[in-house]
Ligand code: ATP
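So this first bit is one chain, no partners, the form predicted alone, shown in structure tokens.
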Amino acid sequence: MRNYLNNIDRRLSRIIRTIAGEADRRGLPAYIVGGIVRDIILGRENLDLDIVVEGDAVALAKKVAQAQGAVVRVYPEFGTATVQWPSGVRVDFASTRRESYPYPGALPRVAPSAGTLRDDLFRRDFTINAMAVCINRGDFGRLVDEFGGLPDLRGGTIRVLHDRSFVDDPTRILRAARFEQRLHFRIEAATLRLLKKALRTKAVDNVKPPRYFAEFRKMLSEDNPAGQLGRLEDLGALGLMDPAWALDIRLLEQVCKRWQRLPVKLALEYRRSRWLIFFMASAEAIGGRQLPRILGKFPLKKEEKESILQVPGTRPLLRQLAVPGLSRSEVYRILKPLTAGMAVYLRLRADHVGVAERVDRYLTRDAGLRPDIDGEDLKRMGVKPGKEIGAILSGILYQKIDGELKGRRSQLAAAGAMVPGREGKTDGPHQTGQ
């Protein structure tokens, strides 16, 4: 018997053996399931560990957490629990279950602890994700493949488990495109027919937009989001996001390629926003009037939504940034009203090297600059609280950005010259902070 757990990450191996020991002591059949099994066979890294138990998974999770000094969170209504190790590793525990769909496209009704391992695997999306590896003593590392996942994995095939798969859960349409492109596989012919047939049913309209968005965001987080979305468009499934969705695939490909060439400092700083930047690229071709309506359907944070809503202004902003002779402060004034996400997006959309350099300088240096004086300094000069303080501080900041004012003393002098009746006067260092 081949042991499929021979070459996994050492940290995960220790955790798996700890869980296996507790499962054996309780007489519980326990298995690793899901995407990690697929990736173990493919030799791909995956630290998302899912354990399925034929029995009380919650009790097992609690015992493991207690023994390991880990934190456990229980979801009794689903018969599941999550254990977080101090090292950061997280393991999901679930009892084997059956699922049923009250109507096409509905969220499934789950019957925990009411099924066998086969029942649990049968509710999954594709054969390559419906395998398990036993972790009990005697069978440790044994592959359980009830539905031909291993041959499909070796053959590079995406195949559903049954004919109603896409009708039961239309979000699997997006997952089919995502796995196909990520793994460089192909959707099998019968599965492709079922996918296209499901797109013509009312089931796709029964799925709430946030569920489609969750899958769409995963696609945008992949290494090749242009390939992901391009394939979705080829399948005729891009409209699942919204019937008015329009995609300029060449623009998205360009933005993806330029992200790879982004300065390391910027790429690291904004890596968590990468999916948002690609969302913005995928949405630029949508009409400005349609965009607010579409975004209203999705669970976006305020700044994420603001970033996307600024996308229709991309071309005018790029033209402004390309004007010869712009000072750094003028570039600052163009970019300051924008979200950080929009500024990064402009950097990736810039065809002109000079524009890209201007945005780079803003993001890495100028955006974080502040005057070395503040409102309290101005009040001591007799400036009343209000808009005048803001205007003077902005003026000082612009001169600092342009390299005209390099220290606090010079900024105090410049501010004094802006205050009516104080022209030529300065506040010496001994006066500040009093």
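The structure presented is a predicted model; accordingly, all values stated were derived computationally and were not measured. Note that residue numbering begins at 1 and tracks the sequence as displayed.
Missing here is the form predicted together with the named molecule; even so, the following discussion is about that form.
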Tell me, please, which stretch of 304-312, 120-128, 323-331, 268-276 lies within 4.5 angstroms of the named molecule in the predicted bound form when heavy atoms are compared? 120-128
Report the residue, out of R361, K218, R142, K196, that has at least one non-hydrogen atom within 4.5 angstroms of the named molecule in the predicted bound form. K218
Heavy atom within 4.5 Å of the named molecule in the predicted bound form: which of F213, F147, W245, F179 fits that? Just give me the one. F179
Quick one: does N46 come within 4.5 Å of the named molecule in the predicted bound form, counting heavy atoms only? yes
Would E388 sit within 4.5 Å of the named molecule in the predicted bound form, counting heavy atoms only? no
Since only the chain is shown here, I'm wondering whether G35 would be in contact with the named molecule in the predicted bound form (any heavy atom pair within 4.5 Å). yes
Mark T171 yes when one of its heavy atoms lies within 4.5 Å of a heavy atom of the named molecule in the predicted bound form, and no otherwise. yes
